[in-house]
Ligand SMILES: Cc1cc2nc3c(=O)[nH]c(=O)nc-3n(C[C@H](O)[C@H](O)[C@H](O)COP(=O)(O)OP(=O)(O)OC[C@H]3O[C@@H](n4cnc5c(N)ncnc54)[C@H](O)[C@@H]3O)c2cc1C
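Before any questions on how it binds or moves, here is one chain, the form predicted on its own, in structure tokens.
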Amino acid sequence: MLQLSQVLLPVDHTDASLHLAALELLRTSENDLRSLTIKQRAIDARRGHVHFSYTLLADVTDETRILQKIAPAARVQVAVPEGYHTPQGRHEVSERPVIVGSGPCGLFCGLLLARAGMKPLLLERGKAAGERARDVTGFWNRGWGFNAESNVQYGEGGAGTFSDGKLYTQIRDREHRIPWLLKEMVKAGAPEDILIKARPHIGTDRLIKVVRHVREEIISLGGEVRFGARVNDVVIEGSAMRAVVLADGTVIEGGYFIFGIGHSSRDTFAMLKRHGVPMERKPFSIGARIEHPQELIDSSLYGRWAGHERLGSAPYKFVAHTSTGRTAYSFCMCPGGLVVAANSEPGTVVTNGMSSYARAESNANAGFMVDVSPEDYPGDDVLAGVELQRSIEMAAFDLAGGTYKAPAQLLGDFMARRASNGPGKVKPSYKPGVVWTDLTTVLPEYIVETLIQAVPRIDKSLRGFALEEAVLTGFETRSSCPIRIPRDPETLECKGVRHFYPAGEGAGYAGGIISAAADGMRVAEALLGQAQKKSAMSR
């Protein structure tokens, strides 16, 4: 099998032209080509031209002859097998693994363990995905009260359930977990095009089905999932975790405790700190959601091809370095999406973005973020980053009148540091609604100045970004977890607490759906390896 890279074709190309382009690159005839499949398809909109860029796999009759004929050719190479080696064997354990959290980390850790016969118990403080979705949309759209245990952050599927469902990541994947994950998601109901898109996404509307399917398989294999099961405490004896204690007083013992709690489980962080669990402060980011007309973004990036059905709504990504010594960047960009309420505590306002699979809403939005380092945190407490987040979220709540509406400002007014009185042609999509005000009165000055300096820099490559009527909605504070729980690089146990496995975003080892799921898989692999060693020693 040969891999063909950077096969560029116009937006309106035909299947036949793709086939001909492959033959031309291979310098061969139809008779030498047994089959041709698409491995990946990306949109290349650089340098003012829009193309599809394909990576193809070609099964040919004589690889050696073709490679000799076209050598040297970096765009044609022997394809490297990318199969993920699923842990083999079945393991019966006297004390089952206990997984805290049913986001992508906990679910895929649980799936591997269940397939290996370990019958994990998953504890989720929130509700199942369907019930959770009703609570969230009721809060957004129907004036329902805020539910501190069933919201965008807490519940089956984790925070990523109410996002764009982005399935791309920059983590290294030498073990080929990512292709395996994507195939599993397709089996669970995700659209098949995620297998070939360079920037795949599911969308909130389809992700819920995937999450439910994974949970049902875990249960069918002997695992158990409990909702409304908030872990309030842990039992640590002899430098080892022995049990967790639920809010209702139930004590659950186990042999392994995997915490995939997500980046917003602040009460759990505080509880672990009380027990002396080691933690480290780490950087994160703070900013606001920025909204532009999707048509403007499409036109800026795709030119005359804007609106073409093959391209869909255009995504963007930017990084802008400023004289403040800090960087502004786009985070979790949602084409054709909505800005939504994402708080997990009462009396706070947090923003995030989400899109359906169709990405058909009228606005584009993204987190407009600035890096924040531990040196910026107030005080020396390991949870000082959490307190910085919370202080901004509470100030946002007060600034918008204490009703869970969000403070908002036109970009032109933000640049001039003056309050806004109402919208222009860009209508804010945030639910439950916005209050027009001055965001600069809440954000730290170093963030305000960095964002202001970044706007004209970004506008040079993303024309229209500096639109004065673009809407900033405050504030985005949950880009990542402000702490890391250190763990042994080999066993993945917490350093200093045996049988405790911090994992995913909440432990500081992931930053999105796929990276969190992959980290959950790593922990499952480590546990299975240990179980196999114990079994061998007992024989």
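All of these numbers come straight from a predicted model, not from anything done at the bench. All residue numbers refer to positions in the sequence shown, first residue = 1.
Omitted from view is the form predicted in complex with this ligand, to which the following refers.
Figure note: of the listed segments 485-493, 36-44, 509-517, 59-67, the one touching this ligand in the model of the complex, with heavy atoms no more than 4.5 Å away, is 509-517. Only one of 100, 320, 111, 364 lies close to this ligand in the model of the complex, with a heavy atom inside 4.5 Å, and it is 100.
Residue in contact with this ligand in the model of the complex (any heavy atom within 4.5 Å), chosen from 348, 153, 313, 409: 153.
The candidate site formed by 369, 405 and 449 is entirely out of contact with this ligand in the model of the complex, as no residue has a non-hydrogen atom within 4.5 angstroms of it. Within 4.5 Å of some heavy atom of this ligand in the model of the complex lies at least one heavy atom of residue 165. Proximity of residue 324 to this ligand in the model of the complex: non-hydrogen atoms within 4.5 Å are absent; the residue sits far from the partner. Put simply, residue 286 is far from this ligand in the model of the complex: not one heavy atom of it is within 4.5 Å.
In the model of the complex, at least one heavy atom of residue 260 sits within 4.5 Å of this ligand. Using a 4.5 Å cut-off on any heavy atom, the residues of 123-149 that reach this ligand in the model of the complex are, in sequence order, 123, 124, 125, 126.
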